[in-house]
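Okay, here we've got a single chain as structure tokens, the form predicted on its own, with questions on binding and movement later.
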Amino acid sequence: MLIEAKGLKKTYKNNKGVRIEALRNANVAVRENECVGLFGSSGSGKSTIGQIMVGLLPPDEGSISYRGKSVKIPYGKGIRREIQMLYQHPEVSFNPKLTLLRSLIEPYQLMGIDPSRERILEDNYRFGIYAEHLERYPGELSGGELQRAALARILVLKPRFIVLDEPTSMLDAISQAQVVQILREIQKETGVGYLFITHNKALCQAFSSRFYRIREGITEEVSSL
């Protein structure tokens, strides 16, 4: 198993100090080269699972294992690089005061890869990001362009597991299809595992090979939605 979450529990306090059970008993497992769908309504706890599995949020109870070994949050440097997240709102991935080129350079420097403009253009061509996009600021790009650029930047880090947190919900139908097609191609090439978090039943069934449904913080693996 690539990554597995068992018995996750998480409680928050709202702005009135009332305790809210986001997760009561959540279990999710993803193999390499697999896309697992996590389907649920707004507020069901599905994004909380994603944040825990990428190491952004510690659970109150439960465990995470990665490649067969128990891991603790925060993750170590190597695991942190191999586990990434593509967000619903791609603009949160970019500094609004930096051009797209300056934002894309960072992972190249982190990985010790040539961060030249020519290299970045070559790598981003398949994502529909061209020379004219690189000098623009995030506010000057469409949601689809930002999401494709966010995915391109993640892939420089060579992740083994990516949480896709409603990655197409804010996009139009054409951009949605483009992002899904790129994700499929990348998985075929690299064997990366995906957890696809969504409230879109049709898209979840079309894109995923196994499914979990979450209701009131409790997950259940189901054969269909």
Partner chain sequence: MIKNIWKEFRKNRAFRLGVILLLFFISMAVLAPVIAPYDPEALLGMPNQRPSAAHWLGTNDIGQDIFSELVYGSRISLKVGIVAALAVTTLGSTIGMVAGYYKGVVDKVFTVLTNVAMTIPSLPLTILLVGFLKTGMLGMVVAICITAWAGTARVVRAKVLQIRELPYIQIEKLMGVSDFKVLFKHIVPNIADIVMTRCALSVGGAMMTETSLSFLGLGSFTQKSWGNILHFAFYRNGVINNMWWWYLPPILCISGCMLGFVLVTHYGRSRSQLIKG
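Numbering follows the first chain given and starts at 1. On a predicted model such as this, the values are computed, not experimentally measured, just so you know.
One more form of this protein exists, namely the form predicted together with its partner chain; it is left out here, but the text below deals with it.
From the list 188-196, 39-47, 166-174, 54-62, the contact stretch for its partner chain in the model of the complex under a 4.5 Å heavy atom rule is 54-62. Put simply, K72 is far from its partner chain in the model of the complex: not one heavy atom of it is within 4.5 Å. Not displayed here, its partner chain is kept clear of N124 by more than 4.5 Å at the level of heavy atoms in the model of the complex.
Although the partner is absent from this view, M85 contacts its partner chain in the model of the complex, with a non-hydrogen atom inside 4.5 angstroms.
Taking the partner from elsewhere, Q109 is found to have a heavy atom lying within 4.5 Å of its partner chain in the model of the complex. Here the marked residues L141, R148 and Q178 all miss its partner chain in the model of the complex; none has a heavy atom within 4.5 angstroms.
Shown without its partner, the chain has Y87, V92, S93, F94, N95, P96, K97, L98, R102, E106, P107, Q109, L110 in segment 86-124 as residues with a non-hydrogen atom within 4.5 angstroms of its partner chain in the model of the complex.
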